[in-house]
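Take a look at this single chain in structure tokens; it is the form predicted on its own.
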Amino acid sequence: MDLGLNGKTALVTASSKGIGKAVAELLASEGCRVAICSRSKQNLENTAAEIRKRYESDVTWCVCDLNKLRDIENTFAVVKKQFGTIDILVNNCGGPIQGNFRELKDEDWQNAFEQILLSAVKFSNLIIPDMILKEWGRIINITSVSVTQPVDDLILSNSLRRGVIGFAKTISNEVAKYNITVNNIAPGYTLTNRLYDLAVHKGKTSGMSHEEILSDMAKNIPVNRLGRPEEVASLVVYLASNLAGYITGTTITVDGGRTQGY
């Protein structure tokens, strides 16, 4: 099946590991030129080398802290100089710190706001003008199942990832006439370092091992297992394709059926 992605340029944020890395790899496998970024230079170098070797793809990378406007602007400039205009933007980020409402400080809320919502706003604002000129573009935001069903001790994620949904829905209406789609993907419990860290944190207060906690998570999912990063990535690639040109302004969960609401 031809997805029409060969030769397109994709920027995937927070993509040196986990879901972001899986997205970058799968886009490269479809012939995209891929730009990756994260805070770790070593992880970026390793991931870029892996993608080049496996897919013979053109890859560039840039160190980027999503909480820093200068880093975001620099990443955009590097990618544009290397590849020209960006056709596909995948806004992905790590999760903010855990904790209940009374534990968190004002700076925790500010950091989470910058990391989750403002980074997506900043990158979109930089990239959309060129998409409008080309009359083609795809923006895909990786959020969390917490946008449909809050997760205990993740009030920052529960609160701010909903902001991404509102932002995406609003701009999807504004840019649709330019053949630009804007969608969100809400992964459930997926086997990443983030999920491992959550299990370790919960284990400290519950007296259970992180292995037991991960096992219990799987038991509460109808498909009876945790997700794999590539299963989220496959939906990203579809939404980035020409086949998904009539899908915009929506949020799709990839959670093995965990969300119980309609």
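A quick note: this is a predicted structure, and the numbers were derived from the prediction, not measured. Numbering starts at 1 and follows the sequence shown.
Although not depicted, the form predicted in complex with nicotinamide-adenine-dinucleotide (NAD) is the subject of the following passage.
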query: Contact segment among 101-109, 163-171, 124-132, 140-148, judged by heavy atoms lying within 4.5 Å of nicotinamide-adenine-dinucleotide (NAD) in the predicted complex; finding: 140-148
query: Site check 9, 58 and 245: each within 4.5 Å of nicotinamide-adenine-dinucleotide (NAD) in the predicted complex by heavy atom; finding: no
query: Close approach of residue 189 to nicotinamide-adenine-dinucleotide (NAD) in the predicted complex, 4.5 Å, heavy atom; finding: yes
query: Contact test in the predicted complex: residue 41 vs nicotinamide-adenine-dinucleotide (NAD), heavy atoms, 4.5 Å; finding: no
query: Non-hydrogen atom contact residue 19 with nicotinamide-adenine-dinucleotide (NAD) in the predicted complex at 4.5 angstroms; finding: yes
query: nicotinamide-adenine-dinucleotide (NAD) contact at residue 181 in the predicted complex, heavy atom, 4.5 Å; finding: no
query: In the predicted complex, the residue from 236, 35, 64, 28 that sits within 4.5 Å of nicotinamide-adenine-dinucleotide (NAD) by heavy atoms; finding: 64
query: nicotinamide-adenine-dinucleotide (NAD) in the predicted complex - contacting residues of 82-112, heavy atom within 4.5 Å; finding: 92, 93, 94, 95, 96
